[in-house]
Each structure stands twice: as structure tokens, then as C-alpha cells.
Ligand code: AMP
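As C-alpha cells, one chain now follows by itself in the form predicted alone.
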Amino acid sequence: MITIDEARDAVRQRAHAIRETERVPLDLALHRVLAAPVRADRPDPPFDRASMDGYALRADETASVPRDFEVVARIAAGAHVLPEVEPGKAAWVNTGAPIPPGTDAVVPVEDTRGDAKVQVLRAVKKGENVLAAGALVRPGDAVAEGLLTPERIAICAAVGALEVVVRRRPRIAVLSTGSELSEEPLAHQIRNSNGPMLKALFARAEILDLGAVPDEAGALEAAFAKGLSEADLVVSTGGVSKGEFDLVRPTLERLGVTVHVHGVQLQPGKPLLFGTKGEKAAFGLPGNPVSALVCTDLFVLPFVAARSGRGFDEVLLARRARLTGPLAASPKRRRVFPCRLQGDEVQPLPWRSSADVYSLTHSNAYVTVDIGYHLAQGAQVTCLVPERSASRTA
């Protein structure tokens, strides 16, 4: 068996970004990944702009205050006809309005008295309360790249990029294996929870749902062949241990997949399998739901992120916190415990088995325990927070 870090390195080395791109409307681009930076088409702001409501005037004329100024214009945001403001005079400007020629500062309205003739009560410096043309962005500056968040979509709209070029989304085939799986289970069967969980985790990708397949060589080979033919990545659950009916590895190898990882010093998740066939890849995850989720967060989602054009480490965040209860180590494998992170404290959750999907509903982070090193209550630990859970840790 190899370590978690060695396994992640093996996955990282083969996580190449998809080269194909497509052009999509900005309204449909949320959570897509830009193929190249979006660049500004003009300065922002395109003119010297008032950053407060007040009076535009010459700053050097406020050296001795209070002083009266005649108000010769009222300028709103969007105005395009601007009068020349002569010495001793001022112009009312709204926030966002252009600064008229002959002025170089804005006195906030709260530092004045009057209206048609305004009395300035405080001195200002040249450029005060004025955002100069191009202060935020110059033409050609890269203003958005990577994952398109709502904030980056706003930036794209601001520079006129109403269509964007993004990388093609990965196509992920999801397959659950096991003769025990049934939608209408008898006493000796169980329902398939891994398939819906994985499809939800991969919701930003294109999903090919291969359903549940029994532990039969022919059925498995047909399902994996379809996934490798039609998708970039096949993710299966079950059938990767050492038992008589664990057929995933030999099936993948018959289909030409080279296995790079099979067996990791990890609890839960020891049987993890990862292989590639050219630009195609396959992950074989353990069948227990907690094991499948841990392996997806540690290995599969980082791989998908990198294939999408993002960073391998972007989707699993590190946070320091104080442990509110002890966590026991294993003598043979590094343990990864689903926990509940709240602020600067992290609470261990009851551990009943790697099939305990119910505890997962309360988890938003993991704490790792190195081989042979128990963690005591009060210890400062590094929590691994999946990107999807970051908003639930405050």
C-alpha cells in the first residue's frame, strides 16, 4: 500500500486540463471555467468619477475655509455634457457622476452648508473623493480567469464579455457495482445510495449514469466499456477489494486500463483504485458510503477540478481548529474522520462504521489522524474542508 500523499501525487500527475473549448452566453456560464483570461476593453472608470455626493471644485481653493462657492451646475451619473467650472465656482455631483473640467476634488455634502451658493467647511486635497479614469482597470488588463463565480460574471459583464470561452465540462460516467443493490430491496439487499451521492457531487460535470450492475464479469465489462468509450472519467463504487467477486480491477485491465494506484494507507478508503487509458481515467471506490465520499473528496474531485482547468488543490481547503473530543489513531493506516467544524472548533462525530451514511449529514470537514498518533481533546488540528461545505463552517 502507498500513502495518501503518494496516491494523491499519482492522481495529480495525470490530471491534465481538457483542451476542448466552447463559447457560451454569460447568463449560462456560472461555475464554468474560463479557457483564457477575460480582458478589459476600456479603462474603468472611463472618466474621472465622483466617489461621494458633494461639490466638485479646485482643491487649492479650499486652503482657507470656510469659503463660499457659487454652484454653476448639477451633474448626475450618466451626464455627458459637462460645463467648464471656473475659479471660485463649484458643481454639485452625484456619486458616480463625471467630474467636470476645471475641478480636481469633491467636498462631501456633509462638509458644506447651503445650496445655490455653498459654503465649504473643510479643506480637501487634489484628487480627494475622485476615482481617476483607469484607476481600477486599464484596457487589456486580465480581469477574470478560472472558475466563473457570480462576482467574476459581474466583472465579465462590466467589460462587455457577454459571451465567454470556457473549457468543455468533463463527462463522468457513474457506476455502482454489487449484486446486493436493488431499488426494491429484499431482506438480503440494500438500496443504491452511492450513485445518487456521486451524481450530486459531480453536478457541475456532464453525467453518464450507468446505474447499478451486478458482480458479473460480462455485465461489468459492458458497463465499463461504455463508460470508457463515452466519458472522460469512469467512477465506480464497490468491487475493488480482494474478494472472489471483486471484479473491477481485472475488468478494467482487460479493457486496457493501466492501474497506477490500488490500495492506500487510508481508513476508510483502503481499496481505492485509480487507472488511466490514454486521456481516459477510472476510479474504483469502495462500496461503503463513507469510504466512497472520503475517496471522492481526497482524490476524485481534485482530479475533476484539474481536468476542468482549475487547480488540483482548490477544492479541498485547510482550516485550523481546536478539537472538542479525542480521536484514536490506527496502527496501520492514516485515519480520516468526518467531523463538524464550527468557527474555530471541530467536533468529532460518532463513528459506527464506514457504512454510516447518517453521520455524514452532520459533517462538513475531515480531520486526519496519522498512524500511531492519537489526538487528544483540545489539540490544534488541520481540518480539510470540501469546497461545497466552506459556507457551513462559520
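One rule holds for the numbers: they count along the sequence shown, beginning at 1. Because the structure is predicted, anything quoted here is derived from the model rather than measured.
The following text describes the form predicted together with ligand AMP, which does not appear among the structures shown.
Is there a non-hydrogen atom of E128 within 4.5 angstroms of a non-hydrogen atom of ligand AMP in the model of the complex? So E128 does not count as contacting ligand AMP.
At the 4.5 Å heavy atom threshold, is T276 in contact with ligand AMP in the model of the complex? Output for T276 is no: heavy atoms all beyond 4.5 Å of ligand AMP.
Ligand AMP contact at A79 in the model of the complex, heavy atom, 4.5 Å: Flag for A79 set to no.
So, I99 and ligand AMP: in the model of the complex, are they within 4.5 Å at any heavy atom pair? No - in the model of the complex, heavy atoms of I99 and ligand AMP never come within 4.5 Å of each other.
Joint contact, S176, I190 and T237 to ligand AMP in the model of the complex, by non-hydrogen atom at 4.5 Å: Spot residues vs ligand AMP: full contact, yes.
Exactly one of G227, P268, P289, P302 has a non-hydrogen atom within 4.5 Å of ligand AMP in the model of the complex; which residue is it? Contact with ligand AMP in the model of the complex is made by P289 alone.
Listed residue (A105, L220, L298, L181) with a non-hydrogen atom within 4.5 angstroms of ligand AMP in the model of the complex: The residue from A105, L220, L298, L181 that makes the contact is L181.
Out of the stretches listed (89-97, 164-172, 70-78, 191-199), which one is close to ligand AMP in the model of the complex, meaning heavy atoms within 4.5 Å? Among the candidates, contact is made by 191-199.
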